[in-house]
Ligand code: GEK
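Starting off, we have a lone chain in the form predicted on its own, written out as structure tokens.
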Amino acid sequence: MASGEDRLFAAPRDPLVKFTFDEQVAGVFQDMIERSVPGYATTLGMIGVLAARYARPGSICYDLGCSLGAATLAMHRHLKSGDISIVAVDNSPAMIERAAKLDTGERDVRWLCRDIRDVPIERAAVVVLNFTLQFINPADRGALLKRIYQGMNPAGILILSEKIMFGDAEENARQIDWYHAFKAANGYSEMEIAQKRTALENVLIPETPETHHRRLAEAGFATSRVWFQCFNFISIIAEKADAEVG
């Protein structure tokens, strides 16, 4: 999908104005995320590969926090059976309006402009939270993951991609420094990097990998593994057991 160049933080901004997924952000989001998230293209590609491996006819794939629908499109392109539907959800009208224009052929793709915490999950073979959970209130994250788990088919998977923090302060600072170097190499100025970081404070709330793994286990997932990491960004595959125990 065509995107404008991300220059939203190139001019001085009011530091009290927080980041929102509004019309301005939607208009440059593709450029923004490609230049701001290391390994983003790899993550998307593997979402499609994993969807093809785990989705079964009659099941549903969910893209929760779908933004412009990139993960939805990746799944659609790789799914073999036409009898697999996709539910894509985002609470930003500007995002959903653009995403709903994607060409998904005859596949049943439902675009919902809703809070992902309120969307029923059922017959789920694959659920994607691609850099989404980090924008949810930490107090609500456990309940959301439990709802996802309960709505998943046996042997279903959750793909959870997140910006993270590290428990060791020195390591955390080192990873952030490397990440900022990545953004600078992609054309962002020091002012752009600093202003966006300020705008995201208390909007994007990262957690440690250990916190994610513990919460996934508490939700019921049999395993959770990091399959990808680049600086302070990771992607986890959490699997539901083939059959309930007990």
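In this text, residue numbers run from 1 along the sequence as written. Small disclaimer: the values here were computed from a predicted structure and weren't measured.
Keep in mind that the form predicted together with the ligand is not shown, yet the notes after this line are about it.
Using a 4.5 Å cut-off to the ligand in the model of the complex, not one of Y54, R123 and N153 places a heavy atom inside that distance. Put simply, of T104, N91, S85, Q175 only one has a heavy atom within 4.5 Å of the ligand in the model of the complex, and it is N91.
Screening I116, I148, L73, L160 for any heavy atom within 4.5 Å of the ligand in the model of the complex leaves a single hit, I116. Only one of 54 to 62, 206 to 214, 183 to 191, 37 to 45 places residue heavy atoms within 4.5 angstroms of the ligand in the model of the complex, namely 37 to 45. In the model of the complex, the ligand lies farther than 4.5 Å from every heavy atom of Q195. In the model of the complex, at least one heavy atom of F21 sits within 4.5 Å of a heavy atom of the ligand. Although the partner is absent here, V127 sits far enough away that none of its heavy atoms falls within 4.5 Å of the ligand in the model of the complex.
Of the heavy atoms in A100, none are within 4.5 Å of the ligand in the model of the complex. Residues I116, R117, N130, F131, T132, Q134, F135, I136 are the ones in 116 to 150 with at least one heavy atom within 4.5 Å of the ligand in the model of the complex, listed in sequence order.
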